[in-house]
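Next comes just one chain, in structure tokens: the form predicted on its own.
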Amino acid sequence: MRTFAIAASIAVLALGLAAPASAQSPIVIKFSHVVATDTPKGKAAEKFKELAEKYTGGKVKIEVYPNSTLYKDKEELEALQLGSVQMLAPSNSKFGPLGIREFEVFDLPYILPDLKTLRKVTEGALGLKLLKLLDSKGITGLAYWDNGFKQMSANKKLITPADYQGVKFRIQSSRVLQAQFKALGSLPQVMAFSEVYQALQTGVVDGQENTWSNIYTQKMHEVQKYITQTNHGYIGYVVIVNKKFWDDLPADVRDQLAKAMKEATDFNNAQSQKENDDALAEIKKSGKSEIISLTAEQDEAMRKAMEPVYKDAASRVGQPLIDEFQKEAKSATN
């Protein structure tokens, strides 16, 4: 009996000693993304890590996994919903396949003509309304991060809509992007971001659309002869977190993380334009891709060729939402 009592006492003592250490263990947030560390998103993720750990006084530890090292495009949202990862920053296009079709509106060609219009949407009531739609999927939307405006690339010159006929384009999984390239007579192929360089190199696809910073950091310009400066579409990200995980955090920790996220968002959006400008300069300097600029008439022909995409999207996202975006764009330019 005495041996049992001693053993029990030791066990209780051990539990007592373990309790404070357990209480002090940091909350781990795995933040997974699919782009390189030296992109605006990659740098902003690291900035969030720095600020979050600072503001929470070490109560939270952020583990950042860039460049699809943890999950690829198609896997990451399911991993978040299952709680295998706590935080992501997927592109707006990823939410359509999840059933939140309203986010497809961000993919419409030429709907967001400039950064001023974009800010009116993402920082206003319309942006907040879209984030709330994620709640039903067990996801909390925290912020919008810019990547930038997209350009078209291929191994042939893309100047008129006719030039796109029969060209195999890599796209993100998006009904709008499928409709966009079909309207141009191209052959869209859904493919993970991490696989694009090799697919271009080996001729699995002929072209792709992306921002200057993504083209440069993924070295796509090294395997594409021509890049047409179209600014036809926007790539942005929504920083999201597992809703249950977020709701279960202590209120003070959640507030500190929200503060860190706001500052990381400002940092990302300031970096984005600069890095796209720098990437364009580096691509020009490399001489590996010829940069093509469109005349006003050529640009107008591209816009006209893509008009049917709006009708196709309206059947899924609803015409009222498209009207709201266009209203914001009109008020931003006035």
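Since this is a predicted model, take the numbers as computed values, not measurements. Residue numbers here begin at 1 and follow the sequence given.
Missing here is the form predicted together with a small molecule; even so, the following discussion is about that form.
Heavy atoms within 4.5 Å of the small molecule in the model of the complex map, among the stretches 224 to 232, 107 to 115, 130 to 138, 90 to 98, onto 90 to 98 alone.
Contact between Tyr237 and the small molecule in the model of the complex is found at the 4.5 Å heavy atom cutoff. Within this chain, Phe245 is remote from the site of the small molecule in the model of the complex, having no heavy atom within 4.5 Å. The shortest heavy atom separation between Val35 and the small molecule in the model of the complex is within 4.5 Å.
Although the partner is absent here, Phe193 is a contact residue: one of its heavy atoms lies within 4.5 angstroms of the small molecule in the model of the complex. Just one of Ser186, Asn147, Gln151, Ser174 comes within 4.5 Å of the small molecule in the model of the complex, counting any heavy atom, and that one is Asn147.
When contacts are defined as a non-hydrogen atom within 4.5 Å, none of Lys43, Arg119 and Ser272 contacts the small molecule in the model of the complex.
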